[in-house]
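Structure 1 and structure 2 below are two forms of the same protein chain, each written out on its own as structure tokens.
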Structure 1
Amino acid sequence: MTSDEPAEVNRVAGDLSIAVLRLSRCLRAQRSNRITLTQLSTLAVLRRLGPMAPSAIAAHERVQPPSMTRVVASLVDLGLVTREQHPSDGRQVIVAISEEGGRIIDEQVGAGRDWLAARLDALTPEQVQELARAAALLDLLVVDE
């Protein structure tokens, strides 16, 4: 998008930010008793990209390191991730998803995903595909701010 349609970009930005805000509220409100949306998202990163340091997870999740410290601690308490020392650098920590953590994702547990899946089920297959492409574009927006 170059500068030939700046008003259109602004309009879409406004509509999209409000839609994202409202949907995120619904997703949080529907969270399960087992796991929160933030925790689930962190697990998903670890499974997709493998074990990594807390600061790396924080960068992916777009939160500051102290925030991720808390999330990781809660996941350790739940037994969904493990935290081990880096083999050569004593400062670093390596966080990895546990077997149980992987099971949580496989079972589609928690955090409004069931609710959202039910909502998607009311759409046409074409609309679902459109949202699938949109999710990829949203990821693109978030990357390397």
Structure 2
Amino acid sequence: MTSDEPAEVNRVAGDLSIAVLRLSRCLRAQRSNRITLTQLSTLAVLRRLGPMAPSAIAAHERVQPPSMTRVVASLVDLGLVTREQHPSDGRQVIVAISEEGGRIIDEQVGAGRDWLAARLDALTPEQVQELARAAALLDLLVVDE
């Protein structure tokens, strides 16, 4: 490692942090405020991973189980998830995304995706490919965080 590498890594980390924060703010501005980001994230987990116990969702989202219990209760009240008895453990429930919850995900994610796609249209094909590679690398940074 050369003496310049730590400084370069720190510079890239700072630039990337600011760019991600700005992009996140722009994407958040595209979505409606029908549900919170925590609720949206919970719906996204259920859509991607399928029905699961609230404790499993809490572990995946890195929140305390009582917090996830409140989030799930609010999503049930909104009709965005369903709760059913666990098939083998009567003390637990299984949470699944409802049809309406799926529509909300499509609506919320679609708004950001459409905004971002319009922004990407202004770039060259090479720049879009570079961002595709960067997106894959960003995923590597947060996998199993």
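Keep in mind that this is a model prediction, so the values were computed, not measured. The first residue in the sequence of structure 1 is number 1, and each one after it adds one. The term rigid core refers to the maximal set of C-alpha atoms that superpose within 1.5 Å between the two forms.
Chemist: Pick one: is 1 or 2 the form predicted on its own?
Modeler: If we ask which form is the one predicted on its own, the answer is structure 2.
Chemist: Please determine whether the C-alpha atom of R62 is displaced by 2 Å or more between the two structures following superposition on the rigid core.
Modeler: R62 C-alpha, core-superposed: shift of less than 2 Å.
Chemist: Align both forms on the core first, then report whether C26 has a C-alpha shift of 2 Å or more between the two structures.
Modeler: Yes: C26 shifts by at least 2 Å between the two structures.
Chemist: Would the C-alpha of A117 be classed as shifted by 2 Å or more between the two structures after rigid-core alignment?
Modeler: For A117, whose C-alpha is compared between the two structures after core superposition, the shift is 2 Å or more.
Chemist: Determine, in Å, the CA shift of A134 between the two structures after the rigid core is used for superposition.
Modeler: C-alpha displacement of A134 between the two structures: 6.3 Å.
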